[in-house]
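A lone chain, given as structure tokens: the form predicted on its own.
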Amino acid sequence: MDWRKDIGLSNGHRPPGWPLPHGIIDRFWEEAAHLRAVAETLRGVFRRWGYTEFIPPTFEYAETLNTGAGPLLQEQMYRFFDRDGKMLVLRPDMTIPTARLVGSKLFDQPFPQRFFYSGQVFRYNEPRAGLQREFYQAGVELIGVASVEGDGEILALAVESFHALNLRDFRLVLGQMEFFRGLLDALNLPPKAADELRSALDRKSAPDVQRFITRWGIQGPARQALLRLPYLHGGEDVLLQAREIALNARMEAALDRLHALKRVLDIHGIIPYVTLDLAEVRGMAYYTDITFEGFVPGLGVSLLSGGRYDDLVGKFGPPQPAVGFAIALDRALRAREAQRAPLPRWTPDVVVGGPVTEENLARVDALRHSGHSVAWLYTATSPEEVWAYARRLKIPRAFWYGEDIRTWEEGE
């Protein structure tokens, strides 16, 4: 049912006269039910894996949320002043508040600590690929585990999350920031050049990498490493190819960790869902080791992203290793619709009509207590009006409580 067109809306915006801010939309009826159902599904998965809920504040001091955020994320923050003249920021993600909570308040509690969250985040950027300026995330953070077993748990939980959402043919693309940073150590580039290289790799553009090599006069083994880097994506053989271009101990250590992680992923049985990509250097500035993104066919953008951020908690208190991910629920809705996953019912199960009497109220209460969602159409003066209402909203069952009881069911 294309309910937006049915009531005269397009792309979720109000008609002219009562506009919403750019990048902000109303969510109601089917979309609201779908969003809540997806969030509740993921919350259930996270609880089963031993994660407890964290509800971060919607806004905090700008100084706090700037901590650990890179220039791009800082640029996207919504900022405003309180009455005392202090600058506040709407949360742009959930990871920084989680790190702040653990580092400043829970540092003397037992580790590891596992948290999940679900709610809105806010970024001042152009709406694209299903994300508005206010969008929804659900995710997890595992804090206090430095080993690849922690990485394996998070990646396995990401796979189970996709399964729980009834998404098929998904892939997790796994990168390694330490491998790239080791390469930057070997190249000894100025910051401007490092940013240029990162941008070329972000675009997966081998010609741009070739032009970068020429512009900066890179020769020898470093040149060969850069030429081969855009093609280091695929399965286990990528690790063997990467060994051939490793230029220092930092790059070797990153590959050693990936090899150890592969063993853990084998145990979890999720290797078929994982693709290595050593040219994957996107992600939050606070990532320190593995990074990963989740993709489904036809969407064109990631709907899940995560990674390891071992330095972030230490900016707020005693350091702790950490790894986690977040799912963009808005994109998850689009992916589920594209794959024709089952959608939740947003209308009542039953609609009833007839006079409000003690006897009729008892009938409605009995339906509700048996688990049905029941709406009473007080304005109806005949069974036919109740049946028409039910058909319009695709309510499967209707009752008329008049002098006699009449029943209608979908399909009649």
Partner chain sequence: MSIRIALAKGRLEADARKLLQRAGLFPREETYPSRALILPGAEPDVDFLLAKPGDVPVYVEHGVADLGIVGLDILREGTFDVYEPLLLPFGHCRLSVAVPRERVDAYHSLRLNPNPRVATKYPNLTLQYFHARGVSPEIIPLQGSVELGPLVGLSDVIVDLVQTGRTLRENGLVEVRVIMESQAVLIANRASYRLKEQRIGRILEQIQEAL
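Since this is a predicted model, take the numbers as computed values, not measurements. Numbering follows the first chain given and starts at 1.
The discussion below concerns the form predicted in complex with the partner chain, not included here.
- Although the partner is absent from the chain shown here, D202, S205 and E293 each have a heavy atom within 4.5 Å of the partner chain in the model of the complex.
- Only one segment in the set 253-261, 151-159, 76-84, 228-236 has any non-hydrogen atom within 4.5 angstroms of the partner chain in the model of the complex, and it is 228-236.
- Though the partner chain is absent from this view, in the model of the complex it lies within 4.5 Å of a heavy atom of just one residue from R128, K192, H163, R340, which is R128.
- Taking D330, E280, D93, D289 one by one, only a single residue has any non-hydrogen atom within 4.5 Å of the partner chain in the model of the complex, and it is E280.
- Proximity of L106 to the partner chain in the model of the complex: non-hydrogen atoms within 4.5 Å are absent; the residue sits far from the partner.
- Taking non-hydrogen atoms only, P272 never approaches the partner chain to within 4.5 angstroms in the model of the complex.
- Within this chain, L88 is remote from the site of the partner chain in the model of the complex, having no heavy atom within 4.5 Å.
- Taking non-hydrogen atoms only, R223 never approaches the partner chain to within 4.5 angstroms in the model of the complex.
- Using a 4.5 Å cut-off on any heavy atom, the residues of 290-326 that reach the partner chain in the model of the complex are, in sequence order, E293, F295, V296, P297, L299, G300, V301.
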